[in-house]
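Same chain, two forms, each on its own as structure tokens: structure 1, then structure 2.
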Structure 1
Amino acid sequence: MQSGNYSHLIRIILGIIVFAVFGFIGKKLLTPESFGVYGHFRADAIEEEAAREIRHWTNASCLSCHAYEAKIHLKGRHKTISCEFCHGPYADHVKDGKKTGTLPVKKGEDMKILCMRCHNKAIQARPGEVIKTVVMPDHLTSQKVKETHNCSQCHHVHAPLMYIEKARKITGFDAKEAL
């Protein structure tokens, strides 16, 4: 039997129909029911995210219990930096208003590494314009201290200029004026 002139077209059309049927069935089986209710995403994702435990809180949450740190931190240059940036997630420390764990307090070389997260290079705000910040190790060189010094040897971690300003008041010496 000789195949007709249109047998190749029939095979192509059948292939497209089979592909479309499998595609339709696959879409029905694999697409979540809530997909497309509010747009091009799963509507259930909103409730799932809302039910997720909150891990990060604000500085106000931390400082409500840590009054000493609050007094210093809120007056210091680092007042806009989140407590969690240095200490970790609030959820690892408090749950349902009760202390559940102790957050790490960096010391020694670990503290220096933490400080270097922001102070390892000049931050470019715009081309050619640098945000005023302390840049290591240039800062240590300009202050004529060893590069092995840790930041906390001269600075209070919650208010970096607190010790510096106290020293200025006591001695009347300003290192910037001496340069």
Structure 2
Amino acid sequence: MQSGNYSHLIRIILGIIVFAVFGFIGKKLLTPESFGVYGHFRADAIEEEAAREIRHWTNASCLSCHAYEAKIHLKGRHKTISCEFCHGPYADHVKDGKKTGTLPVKKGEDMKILCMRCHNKAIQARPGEVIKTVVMPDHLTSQKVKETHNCSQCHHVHAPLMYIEKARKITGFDAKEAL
């Protein structure tokens, strides 16, 4: 009978055990703490994403200080437009209740480009029931004003029909009917 030489088996088993122990310790060390709470990912990453800085606030937050603009903006046709779209994000203006920067106000040609982002009739994809669009030089000539006129000379940017309705009330004259 051959002597029971199992050293090769013992070596394999020892090898497996050493591998398993190192593997186990390695996995323990390398796996992030909150891994696997909800699934195959680091659960803390959810809270990290949730703690990201909020840069855009709401119109209510802007208008809570700018009471004069609020009075006009909330009554006009532009009430659904976000302050921050034209003026930039709140976070660039206020931090912890203190003013940290001045937001830009679009003027001149920049303003015209801004208006035409929405109101350009040449872009056919705009549904007429959603937005009133104009063809630009034509609108100026049909309203009988100079072609160099800027939008804000007739339209208040926060309430586009404010001046027009006021003029209509004073004069009793409707430009549309007259045309």
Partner chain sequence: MDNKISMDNKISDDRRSFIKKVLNGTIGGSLLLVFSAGAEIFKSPEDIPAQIPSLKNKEYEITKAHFAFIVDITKCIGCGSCCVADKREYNVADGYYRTWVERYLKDYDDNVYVDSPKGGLEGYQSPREDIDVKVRDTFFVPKLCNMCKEPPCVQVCPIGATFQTPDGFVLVDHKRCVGCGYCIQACPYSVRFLNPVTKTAEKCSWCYHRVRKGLQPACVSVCPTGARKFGDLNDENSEVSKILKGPGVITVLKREMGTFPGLYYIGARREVI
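Take the two forms, find the largest set of C-alpha atoms that superpose within 1.5 Å, and that set is the rigid core. Note that the coordinates shown come from a computational prediction; the quantities given were computed from them, not determined experimentally. Every residue number counts along structure 1's sequence, beginning with 1.
The form predicted together with its partner chain appears here as structure 2; structure 1 is the other form of the chain. Taking the rigid core as fixed, one finds a CA shift for His56 smaller than 2 Å between structures 1 and 2.
With a cut-off of 2 Å and the rigid core superposed, Arg11 has a Cα displacement that reaches or exceeds the cut-off between structures 1 and 2. The shift recorded for the CA atom of Lys121 between structures 1 and 2 is 2.8 Å, with superposition on the rigid core.
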